[in-house]
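Starting off, we have a lone chain in the form predicted on its own, written out as structure tokens.
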């Protein structure tokens, strides 16, 4: 039974993930962390939780400013970390990678837990090997902090790695949207559009549970993308 500590447990993403962990036969929700929690309901800080919960995995879905200290606290306690927060920047990612290697533990940063989004990025990388022109349009709720989104940046990285050309990214923030993205390719008299549409944050739960179950298969250091644990 894998014991999971979830930081950001009461948030829009953390709450359905906690429900998914609680419903899984092979997982236990060892602790919930959020600023609004204390006492029997959970913990207000990650530092308190890692000391008390005896967790096997820390999953953090908070904010860019909190993600790095939370990750470092988990590593210091000997716990592998799944990081569902984007917007860390290159310096933050480098510090996390160094700390993970020093601790001999894996950290998996997941720009998007939706399995269909991971497949969209995989297919985009394949298309980029053949089609020269590419653009990305990402759509999120106005509450989305980082722009462009982590998914768009990750897609652009994969397209650039495959083709040597970095695509333009357009970001839209609209009420009623959860998380959508289109990757559009163009060539003579034809286009190809790869589109991922998320209608509810429940879409992120299967990918989060997959990451929890598979993170132990990864080598020490920072890994970016759910594709590292997706067959």
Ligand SMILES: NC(=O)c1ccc[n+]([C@@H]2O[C@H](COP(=O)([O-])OP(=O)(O)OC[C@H]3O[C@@H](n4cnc5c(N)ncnc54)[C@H](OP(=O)(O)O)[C@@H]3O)[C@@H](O)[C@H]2O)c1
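Model, not experiment: these values are computed from the prediction. Residue numbers count along the first chain shown, from 1.
Omitted here: the form predicted together with the named molecule. The next part is about that form.
- The closest non-hydrogen atom of residue 35 lies within 4.5 Å of the named molecule in the model of the complex.
- The named molecule in the model of the complex is approached by residue 110, whose closest heavy atom lies within 4.5 angstroms of it.
- The shortest heavy atom separation between residue 169 and the named molecule in the model of the complex exceeds 4.5 Å.
- A residue is said to contact a partner when one of its heavy atoms sits within 4.5 Å of a partner heavy atom; residue 10 meets this definition for the named molecule in the model of the complex.
- Contact with the named molecule in the model of the complex, defined as any heavy atom within 4.5 Å, is confined among 158-166, 184-192, 23-31, 62-70 to 62-70.
- This chain is drawn without the named molecule; in the model of the complex, the residue among 44, 52, 197, 174 with a heavy atom within 4.5 Å of it is 44.
- This chain is displayed alone, yet in the model of the complex one of 101, 144, 95, 122 has a heavy atom within 4.5 Å of the named molecule; that residue is 144.
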